[in-house]
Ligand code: BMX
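A lone chain, given as structure tokens: the form predicted on its own.
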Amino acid sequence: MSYLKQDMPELNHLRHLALLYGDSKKKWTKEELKYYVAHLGMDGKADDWFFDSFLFISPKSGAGRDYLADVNLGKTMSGEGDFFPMCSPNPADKSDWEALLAYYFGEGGALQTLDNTISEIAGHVPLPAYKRNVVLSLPYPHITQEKFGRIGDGREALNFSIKGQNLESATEARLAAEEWFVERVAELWHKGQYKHLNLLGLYWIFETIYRSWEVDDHVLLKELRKHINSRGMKFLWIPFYATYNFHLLEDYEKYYFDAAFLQPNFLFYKDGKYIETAATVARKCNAGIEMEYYLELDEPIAITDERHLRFREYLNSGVKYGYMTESACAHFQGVGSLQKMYSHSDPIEREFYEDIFHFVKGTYEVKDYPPLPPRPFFVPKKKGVISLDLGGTNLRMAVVDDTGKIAHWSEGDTPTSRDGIISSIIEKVGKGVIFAESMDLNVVGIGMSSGGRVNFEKGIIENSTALIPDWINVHVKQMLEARFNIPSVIDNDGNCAAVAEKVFGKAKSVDNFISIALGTGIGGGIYVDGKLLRGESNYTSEIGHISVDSNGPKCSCGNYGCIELYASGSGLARWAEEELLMPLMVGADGNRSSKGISESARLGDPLAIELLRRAGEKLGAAVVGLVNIFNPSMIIFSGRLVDVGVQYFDSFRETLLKRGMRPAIDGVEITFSTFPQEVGIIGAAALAFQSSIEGLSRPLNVNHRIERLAND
């Protein structure tokens, strides 16, 4: 389950697509387009590129006839009140379609002006790596059009209606007109020789697909897509929020379109339309998300006073649900909004200009909501999860909000028995739920990270690591859900660390990486092509149990010489003690723990330095095979051992460079987590949020939960 990904080569690295609505009677100007092409600093000069892709949309022809499919005969919009759409009674004909081609390709047309705008800005900002994409709207072949005109293939004037003919003939006529338009686009594009533009494809302007006794968009689109693709172009679509369209999206790539963006309509509907639902559907259907904003629209909208509040929710949700960096996005901004926002007297509008830019760049960070308007329909409420991290040394609990920030933290020693661990978990979760509710957080899940072998699907600890005694065959998910009535999810600590990096950390926009958690033991997680490797029984990425010495000591897993016996916290202590590499007591307090060894190394103890160097070398020897197999772009370290000493990580890096295969090893970035000590907590939280968003858990039923917990 994933969004329509950003930066795909087959879509010429499309990331953010600006919808440019224009008046067919008025040509685009460089002054208008520059605000979408480049970001302007306070001095009015371009300092960076803005949108990478542009969709040109013109609703009406110069003669006033419609390119859009439907018109609203009611007094409201967005499906509320007396909204009453119907196929346009004033449909465009062939002369209008030819005028649209001139609007795109003519002298001073949209494409020429866009190309010239980019050329001018390129004099101040280095050119981007790829040409800017353009997408052109196809005019809709209205079933109300009985006299479209001739297209020069010997036919009579085309009739798109079923008057005087059957539905099959009407569909053939509609398809013939669209194919003629595609051919003209391909011909004029070739003649244009645009320097900075790539013709990505064509856009189906109708926001749904109809099939009835009078119209057959189904057959039309299937055949039209083949024709568009045969000319080297893609076919794009932006459907509106509706369960019917959700169903169509499930098969859109099979039948109709190469790329689709779901519009949540959150800026137009009073209630019932939610970004979270749209994001869930988009992720499920491999679709992108359309962002919506406007300064003013010449249409009646019931929730105009919530415009700022709802757009902030759009921006914040891009971070919370991942579509800012994971999903290709389309951006509806009304007409000329970005230009007006840049110089707007309202500081909120000026701030939104910068926010949109940072969103497009993937650097926007969640912000507070503006004050609620009187009697709002939408009241934002932060979501939270209760997150647990069970390790060989500590049991941690935190309340984490949907931006990955920790609102509450509790930590204690890991109990030494199964019953003790369970009792401590229940106590900590109960306190966490009460705290979350006191902070007005909507608790949507419980996530847990644990050492040992975990059955992810069933939520069961099947086998324990030796570092957590008696922690075997524990039905954690069932236990938590029965006790708290909150959807729960559990995974091993290595996977959780990787999920933490993908959702909230340094790997948000990285598809191939290895996460290594260094603590009492060593955990790992591997992402390939944006997906976490789980294997047949959720037992992949056991990095700590890669053997580096077949003659080494026996590990709790049954193997010999596992890397965990040398390079983990417990391994360093074991090596120092059992292998007698450090015959003298180390550390200020004579401590042979990893902390004491690290302290001695910082004080210059040569034995401690040598031990850390050899541990790093062995870890490098273990990981180099993974690099050669999976070709990651990043290795991310987390856990309490990240402060163990430079000798450890320098030796790891040197071993990797010396033993790794080129060019795989040359492209690897070695880095440290932004939350090294909390990676288990953050990862378990991220897992719980993912499960909530993807609908993997049952709905919440929390009406009586808090009162009962408070009385326990």
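Heads up: residue numbers just count along the shown sequence, starting at 1. The model shown is predicted, which means the values in this text are computed figures rather than measured ones.
Note that the form predicted together with this ligand isn't included here; everything after this is about it.
In summary, among the residues P239, G322, G430, G392, the only one with a non-hydrogen atom within 4.5 Å of this ligand in the model of the complex is G392.
Among R453, R350, R614, K131, the residue placing a heavy atom within 4.5 Å of this ligand in the model of the complex is R453.
Look at 335-343, 213-221, 539-547, 285-293: in the model of the complex, residues with non-hydrogen atoms within 4.5 angstroms of this ligand sit in 539-547. Across the proposed site, S61, P141 and Q145 without exception lack any heavy atom within 4.5 Å of this ligand in the model of the complex.
This ligand is not drawn, but in the model of the complex it has a heavy atom within 4.5 Å of I468. In the model of the complex, I522 approaches this ligand with a heavy atom inside 4.5 Å. Using a 4.5 Å cutoff between non-hydrogen atoms, E564 counts as a contact of this ligand in the model of the complex. The closest non-hydrogen atom of P264 lies beyond 4.5 Å of this ligand in the model of the complex. In the model of the complex, this ligand lies within 4.5 angstroms of at least one heavy atom of each of the following residues of 476-507: N492, D493, G494, in sequence order.
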